[in-house]
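Heads up, what comes next is one protein chain in two forms, each shown on its own as structure tokens, labelled structure 1 and structure 2.
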Structure 1
Amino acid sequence: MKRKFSSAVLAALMALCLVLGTASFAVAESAAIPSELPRNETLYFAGQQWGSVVGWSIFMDSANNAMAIAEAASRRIPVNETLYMYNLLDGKVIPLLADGDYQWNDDQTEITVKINPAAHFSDGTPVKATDVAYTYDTHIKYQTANGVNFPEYIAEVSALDEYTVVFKAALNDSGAAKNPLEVVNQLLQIYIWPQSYIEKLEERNNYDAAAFKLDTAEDFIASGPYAGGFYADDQKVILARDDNYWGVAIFGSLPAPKYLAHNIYPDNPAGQVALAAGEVDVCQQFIADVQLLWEEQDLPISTYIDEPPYGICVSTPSAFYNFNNPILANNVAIRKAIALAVDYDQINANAMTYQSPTFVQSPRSLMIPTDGEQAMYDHEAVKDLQWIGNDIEGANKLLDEAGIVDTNGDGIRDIDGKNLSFNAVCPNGWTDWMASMEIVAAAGKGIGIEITTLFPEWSEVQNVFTDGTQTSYDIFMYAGDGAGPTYPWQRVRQRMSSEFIGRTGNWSGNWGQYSNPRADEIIQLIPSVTDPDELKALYTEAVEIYLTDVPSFALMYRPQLFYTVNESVWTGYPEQGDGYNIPPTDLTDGYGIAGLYHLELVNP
């Protein structure tokens, strides 16, 4: 009898363990979401969410929640909303929670923002100026990843009245705003949450910063169109539409899909197969030879533009020279020669499969190939400095003239009897980057410089190249830029500002440790210059310095987000020339979200 009892207890315990074990798979769910989503009410994504969602709090350091919280120059706004949204097509800043444009005061030390009185959170409470001020204060109080930098730009955020917020810029010694561009940028970067909910979050974590930032906030309240409920496990993430969404007041209707769903795929090919099968509607992945999907396989798939480069390229992955290597630091001829010799057309053709404008179409500068940025420098003035690439003869001439020759006859040029030998590094598995580095290495062969590729894991690369004292990588690849209201200034700073020299854990810029006093001056000057001609002159000078000193060189232009859509279920996606001026930011980022309001069913 006793034995029977104990075995019953054992069985019960095992059953309990089983139940607990199953429950420990991170399943989070906020509202009733049907177990089977109706296909014609759901928009499926791929390529944004990798791995399970960690949390839903905008204050978390790493929520790994790509559909709701994503760091980008154009913020992702289906769930949480910002005051303004960015349109990378024309560089315009468009009000979202805000009502009308922001206003600088005459001294350019304060920005006033009106809140849209129609705006309310998913629980129905209106968005007030105090919510905005409290959200900003919370970021600073708990030193979140966003908040640590605020004091550099913003001194205070306060509610003037119920619907008016004032942002006071941090001032320098002469009483001018330290960085007006960054103040504006914060209006587009910070998600707004209700003060009452944040206070609840603080209280339940006993005002402890570490606990507060780890709270997953699954009961969050936000103002976005898809803050109506969610489901997340290790297979998928689903967002439900808030049918009471306030944005009807500005967009004219609710967004078409009732659910946004993102299956979590193990890798790119899996997502690509799902896209081809019509299981995915919007795909944010690099697809090699994407045109084959419609040209060869006749699938109803298209990209923003129907011909190369198929998308809007706003990022410039570049090869950085490490100035901690004295040979690279002291010999501009070597830096320029390698850059001249690289066959960029081969990179475009083989690494990017033509998904990048060429350097003939958009000559190299510090700008991306959008009309707005291209107009910001004087093309004629820097014409003689720009290069197309694959210029082995020119590169050899440059090195010969600089007296860098092969003295010992082994085919490799040398300096002080030491052969020129460098490594070229990018993370393993980043296919198009790896192929680019192979092509850079091939360029070295033609000009008597030994370059070998090295593909360590990303976890290692990210620690080495962000360390300002590293000497392990000679030439390494990184992008880190995009399009936003602080660009192209931000890019100039990223490529040349000496403020980042020697820093460890440096994600901000100048990873090659380049220094030029005049470049620093220009970077200081640009944010407070408003006169367009003066601005253009400064940018042109920055481009001149960049192309003369070659601290790094762009290898390709690349979209910040890839955007390939399948029209099996939904149609009406943003496309070039459709007259709506909606950027191809996957219907989730910045003004790209407006695309959700134009979607229609193929078979209603």
Structure 2
Amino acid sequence: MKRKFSSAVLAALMALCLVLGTASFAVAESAAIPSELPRNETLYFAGQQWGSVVGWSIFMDSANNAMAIAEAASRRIPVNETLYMYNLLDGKVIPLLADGDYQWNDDQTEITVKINPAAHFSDGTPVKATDVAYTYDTHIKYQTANGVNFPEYIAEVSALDEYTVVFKAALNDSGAAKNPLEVVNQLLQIYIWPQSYIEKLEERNNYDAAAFKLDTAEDFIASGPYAGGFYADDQKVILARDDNYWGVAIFGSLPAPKYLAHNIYPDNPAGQVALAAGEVDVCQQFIADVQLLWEEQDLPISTYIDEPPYGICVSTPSAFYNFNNPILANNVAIRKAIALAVDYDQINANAMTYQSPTFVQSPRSLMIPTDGEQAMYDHEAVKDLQWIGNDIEGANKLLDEAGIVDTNGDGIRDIDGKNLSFNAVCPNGWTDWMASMEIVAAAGKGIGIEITTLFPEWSEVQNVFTDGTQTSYDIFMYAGDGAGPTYPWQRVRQRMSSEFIGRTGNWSGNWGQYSNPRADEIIQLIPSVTDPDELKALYTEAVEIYLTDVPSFALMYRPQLFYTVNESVWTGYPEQGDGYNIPPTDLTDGYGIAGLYHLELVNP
């Protein structure tokens, strides 16, 4: 059922369609979107939405709706809201739809959450405990991408009363929660919709799972500050503020911009041009030598930190070895030699333009360069296993000692007469990643291994590397991590857990198909360990295994989101040391959304 709107709203929409062409739209009666957005009421984005929106349903497996639905560790919450928000700066879990902190029972088998009585959806109906329970149950019922994993961690979600929800953990044979970390994580991951609307969605799709998950749900009802309406076509996405947004009760006001708009640019350079011109306010894309925008071009542009690395790096894009290739799977010497030979300083300088800490500043492990994670393993215990890179001599020595040599004099090492020849893959157009893989390929030349770069389109790459049976890519680049309440455990799991081996459509981890029984044991143990010393010992052992077996290797540290802002129209963006403790997650993700409430117009 479509939302009802007045003739004035219809007129505005018709005018907009004339300007922008065929589009998908839905607008609440109080939030008509004008044909030309007032610049002093609109915050423009770049680098989040690529291609046309597919749909607006939180149950779709792939909605391609970056402004409203994002499967990151810190959920994107301008439209749809979660019970809690995550702040990657301090690791805190902050109530949103929830009223206060979640509470474990004494046995740590159940979590109780109170719903904020002020919270309501865009149609004015209150958010109730039954809405929470029904949203979770629906994910399971229709086996959505999220729901397929729920039973592994959560046995039941139930409404104790109108505003109290109980999450019962899935238990192991000893009666303990299988994974307390994941139970908590779901409190920050799942968007909540009204039970009444979900039931309508089910009914109109005749309770068919495939049809239900394909429904674009353009008449959705959500609780976020920008659930007031939307416009979307192949050129842009616009979100309208809900001026009746309930969150005034916790944030103290409505967010400053009335509209959030994202033009769909063809590539990074186009987005950067728009940012420099003041047509974009918040840019989530890599910009080489970003400091030149203010140092040489004197533009009113800034980043979260005004010196290298300019942002908070919480991701470790890595080169994954494909263990479906028996030569790579059976020869750790080859895997480590390539990793030793790569010039990471060159990646930092040329690919990242110093927007990453070096591996001298933050030695490689399974941790990101934050104080909290760096304290979680014994640095001295793994010191001899770590490497800085560009060690051609050490890599050649390693291969020679393993008996992997050039037997026919053609300059390429071989095994059983077969030359060591691999491809190195990342998506075309991802310029910093492409530069990184070229440097990986160059490392091979110095150690007698032929490595050829391959840059398919992302539409192809995403289907290949997520297939656990693929043999097309030998060495391929992906990140897939960030910061959240389950990290660094989640990163260890993503890099080494054999649970993902052979899966198709696998976005969860271990894309190279590595297996180590002891690593699996550690991954199973960590979530239930509360003793800090025991936890540190387990993480240290995980790092030892990872650096010894080298199933993949980090190429750089990188922000979860790039964050560059133009202050020609809006100012007051989050920045390090401003006293607000708002993370640089582009004013859209997790607690980063609090930045929308501090924005001010440069010329009111």
Partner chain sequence: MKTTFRQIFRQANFVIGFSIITLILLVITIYPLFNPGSPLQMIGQGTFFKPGTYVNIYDSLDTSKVYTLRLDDAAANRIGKKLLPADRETMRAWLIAFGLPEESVQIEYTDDLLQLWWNSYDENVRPQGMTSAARKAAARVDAKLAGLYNMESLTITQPDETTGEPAQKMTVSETDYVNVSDIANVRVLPLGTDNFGRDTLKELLAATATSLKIGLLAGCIATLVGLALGLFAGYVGGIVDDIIMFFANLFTVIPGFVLLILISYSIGQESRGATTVAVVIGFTSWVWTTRSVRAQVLSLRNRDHVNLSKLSGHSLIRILVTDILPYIASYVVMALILQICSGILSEAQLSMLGLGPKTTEVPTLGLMMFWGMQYTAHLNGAWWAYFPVIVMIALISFSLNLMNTGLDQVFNPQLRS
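For residue numbers, the reference is structure 1: its sequence is counted from 1. Think of the rigid core as the biggest set of C-alphas that the two forms share within 1.5 Å after superposition. Quick caveat, the model's predicted, so the values are computed rather than measured.
The form predicted together with the partner chain appears here as structure 1.
Superposed on the core, the two forms barely differ at Lys114: its CA moves less than 2 Å between the two structures. After superposition on the rigid core, the Cα atom of Asp578 is displaced by less than 2 Å between the two structures. Fitting the two forms on the rigid core leaves the C-alpha of Asp474 displaced by at least 2 angstroms between the two structures. Summarising the core-aligned comparison between the two structures, the C-alpha atom of Asp406 is found to shift 7.3 Å. The two forms line up on their rigid core, and Leu340 then has its Cα shifted by 3.8 Å between the two structures.
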